[in-house]
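This document starts with one chain, in the form predicted alone, laid out as structure tokens.
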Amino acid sequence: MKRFYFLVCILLLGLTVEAQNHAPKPKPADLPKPYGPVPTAAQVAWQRMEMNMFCHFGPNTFTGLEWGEGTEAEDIFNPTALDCDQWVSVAKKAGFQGIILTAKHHDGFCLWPNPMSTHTVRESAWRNGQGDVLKELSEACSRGGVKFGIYISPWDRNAPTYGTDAYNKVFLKTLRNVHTNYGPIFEQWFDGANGEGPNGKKQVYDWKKFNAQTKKLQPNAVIFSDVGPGCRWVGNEEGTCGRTCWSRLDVEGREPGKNAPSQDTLNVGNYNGACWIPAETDVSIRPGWFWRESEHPKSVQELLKIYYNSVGRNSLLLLNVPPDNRGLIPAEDSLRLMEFRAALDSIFAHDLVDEAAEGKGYFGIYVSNVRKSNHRHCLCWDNIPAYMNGHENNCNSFRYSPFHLIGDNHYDNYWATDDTVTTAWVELIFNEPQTFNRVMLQEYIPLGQRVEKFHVEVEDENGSWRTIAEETTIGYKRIVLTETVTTKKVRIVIDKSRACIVLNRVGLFLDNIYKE
């Protein structure tokens, strides 16, 4: 009988969700208003990618240098077995959504036949001067369903015009050549490095024109630099985002390089930043950025720490996996990535909240406030019919229901509080004790970033509540590492929010792999 009742409940829930999808949307006056700067649709899509792969590849792969001199002979670039489909396959299996290639590093060597340069694959013996790494990777990404991104350094230690006004025009034409010939680019990566060119001079970069042309030719590309405008450098190359991380940044009067905000500011953002410029955490799987035979990839433990300190702190992770001198991702790097992926899957495949809601025992979710509703604010999987009977004539009470905190299938649905409510709690109640040590929270960032302080409590055997974690910002995603606890009741308390609370995910997980 219990099983029959459960099936009825789930059926009713499904019908309710279907009805909700076709129900009239709340009036504009009922919707939470955006708070502060908000992301573009491209920035939201970018943040939801969570992890992308960086590929440093070029003459340095063959010389062992990190920064090439720009005087290397073109023939030094000669991969014997280049296979971009292999790169894409490894990336997909590891869970990366996109690949960004160093199309031109500081040495000025171009991995495509750039008509604005004589230091390219066209001048090399590789594939008799007919090769084009950008074309091969772009086509492989398209075949494999992985997004394609480009790194092009404005510093050029080979270009004869570098350090003169003419170089900015050369660089604009270089960008145009890439942006018009290789399909959609999801991210344009600009390095702020600015050293001397072959004439001993440094260049005054025209960032305004670089960005404007990129936006015109690749309107959906997120532009990376120290100051965005699409996303920002996290301020270090160790794989650590700030424990507090705002996706807001002040950039007035700033530019990439020496005039960028301090590394500490880049790490945490600006509390009242005027622009939405989220953090990207770039770090290499190996000690260096380019492949060296003497170096080896980081351990799974190190990669998990990086994941928690980047994706788990409201940043996107850009993990560099450099191809070797054959033009392939080395076997040991590929294996490590598969181990890393398996660890993430093991940890996050089982959301205790989602599984309980799907019927593995009684489950209740209570919140202290629901936007535009005067009803009792609870949703229990054993009383869905009663809940809906009480709310069927109140569109908003279900539109902003705590139901939307469970699972990740409907990103644009969320729980929200009334405009005047900036402190609230979510309480999860289980029939059986649950053991966990990871708490995942997500804000609905299309409406801005709001939460600046929260804590997590559990009920002990004596019925008393105790705090197991205190944190600051949430943003797109926050993964809180706690002690391992077993309890029937968990409470997430938003202590301070800058506007009404808008969350679209709460999850509990058990990690038996990562050891701090």
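Fair warning: this is a prediction, and the values are worked out from it, not measured in the lab. Don't overthink the numbering: it's just position in the shown sequence, from 1.
Heads up, the form predicted in complex with a small molecule isn't pictured, but that's what we're talking about next.
Residue contact with the small molecule in the predicted bound form: residue 415 places no heavy atom within 4.5 Å of it. Although the partner is absent here, residue 191 sits close enough that one of its heavy atoms falls within 4.5 Å of the small molecule in the predicted bound form. Within this chain, residue 336 is remote from the site of the small molecule in the predicted bound form, having no heavy atom within 4.5 Å. Residue contact check for residue 67: one or more of its heavy atoms lie within 4.5 Å of the small molecule in the predicted bound form. Put simply, of 351, 282, 72, 324 only one has a heavy atom within 4.5 Å of the small molecule in the predicted bound form, and it is 282. With the partner omitted from this view, the residue of 237, 332, 345, 264 that lies near the small molecule in the predicted bound form is 237 [heavy atom within 4.5 Å].
You can rule out all but one of 487-495, 54-62, 446-454, 30-38: in the predicted bound form, only 54-62 has residues with a heavy atom within 4.5 Å of the small molecule. Every residue of the trio 106, 151 and 289 has some heavy atom no more than 4.5 Å from the small molecule in the predicted bound form.
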